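In structure tokens, the next block holds one chain alone, the form predicted on its own.
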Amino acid sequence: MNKQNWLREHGLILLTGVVVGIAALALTALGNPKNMGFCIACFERDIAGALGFHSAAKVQYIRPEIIGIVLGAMVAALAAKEFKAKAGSSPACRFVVGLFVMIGALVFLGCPLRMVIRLGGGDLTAVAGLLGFLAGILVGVVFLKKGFSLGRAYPVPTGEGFMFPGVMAVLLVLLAVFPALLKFSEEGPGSMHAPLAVSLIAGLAVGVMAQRSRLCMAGGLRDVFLLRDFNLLLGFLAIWITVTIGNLILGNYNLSAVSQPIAHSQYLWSFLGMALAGWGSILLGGCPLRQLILAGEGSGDAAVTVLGMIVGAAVAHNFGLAGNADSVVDGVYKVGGTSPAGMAAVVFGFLVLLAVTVTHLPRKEAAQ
């Protein structure tokens, strides 16, 4: 394949990765937490807090980036005539799997997208998460080869497809016009955010680009292992490279496993948390970012999955399951990590995912 054909085939996904990387750098420079220009899990957790679903005062804010991603994907899908209202593919299982994907991500302290952004900032603690995510993807791929499926979705009234984007639009109105109805962090990650308009525009841009390119971390690795197709994976490599170069230019690159922003060095549970997120993402057919895009395209099943993730964020913080970042207290380095309750939740999550997997295999495979 010559260079021109290669760029024609892979140019869009590479451009999407560059756009996401630049957006992450810009959002961080304008106020978002360090190494968190974009984090689907963290931002959905903040939204859950802003709506009062959990009481963790440091992580409460309606993140316009999430709203923008969904609305941008909707606009792009409508323009390309790809908006299709569908639902009915094991919604209850998707809700529960989404819940545990969120718990796994919050044990690690980031979704697959933030994992790559952390790596782009030199955060070596994220390597454990990457290895765990790979392991979870491999487990999911094994069951895909055995015929795992949550079943097909069916056409539903068009209004069903617009319901979740409509909810996002209502959240935007609440944030812009009626902020007194919401909860806002006065300190911690929830208090750190770029200006509303910038965050919304960045989300819209990412939503449009990700919808057109099908950007998905879990899908990219799945395609590599199943089909030897590297197209989707190139998008996340482009994010990694873009964020790395940007941080080097801005003087924000810190190659270390110590004192990284909103990260912990309990490597085993970072590995297991992201393994849970990776396996769950394969069962769902896409990573947390991809679920937002699909919800914007009219998928009721993806919308239910995102709602499951938001509930999972509330559960994680109401019951002390989320990881705690390493910190320095009175000049002494304090290692954070996962509570016993969080560890138990991850183990239980693996059992739940196994049950969902086995009950959705073809009968002869399940019997074996």
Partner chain sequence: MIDTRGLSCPIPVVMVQKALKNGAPASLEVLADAQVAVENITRFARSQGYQVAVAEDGSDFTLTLTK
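Only a predicted model underlies this, so the values are computations on that prediction, with no experimental measurement involved. Positions refer to the first chain, counted from 1.
Omitted here: the form predicted in complex with the partner chain. The next part is about that form.
K.L.:
Given a 4.5 Å cut-off on heavy atoms, tell me which of 171 to 179, 270 to 278, 100 to 108, 220 to 228 is the interface stretch with the partner chain in the predicted complex.
P.N.:
Correct option: 220 to 228.
K.L.:
Would E186 count as touching the partner chain in the predicted complex under a 4.5 Å heavy atom rule?
P.N.:
Heavy-atom contact with the partner chain at 4.5 Å: absent for E186.
K.L.:
Against the partner chain in the predicted complex, would V167 count as a contact residue? Criterion: heavy atoms within 4.5 Å.
P.N.:
Although the partner chain is absent here, V167 would stay clear of it in the predicted complex, with no heavy atoms inside 4.5 Å.
K.L.:
Given that the partner is absent here, does G190 sit within 4.5 Å of the partner chain in the predicted complex, heavy atoms only?
P.N.:
No, G190 stays farther than 4.5 Å from the partner chain in the predicted complex.
K.L.:
Check whether R290 has any heavy atom within 4.5 Å of a heavy atom of the partner chain in the predicted complex, and answer yes or no.
P.N.:
R290 belongs to the contact set for the partner chain.
K.L.:
Of the options L78, L144, L124, M163, which one has a non-hydrogen atom that comes within 4.5 Å of the partner chain in the predicted complex?
P.N.:
Of the listed residues, the single hit is L144.
K.L.:
Exactly one residue in L200, V139, A153, I262 has a non-hydrogen atom within 4.5 Å of the partner chain in the predicted complex; which is it?
P.N.:
Selected residue: A153.
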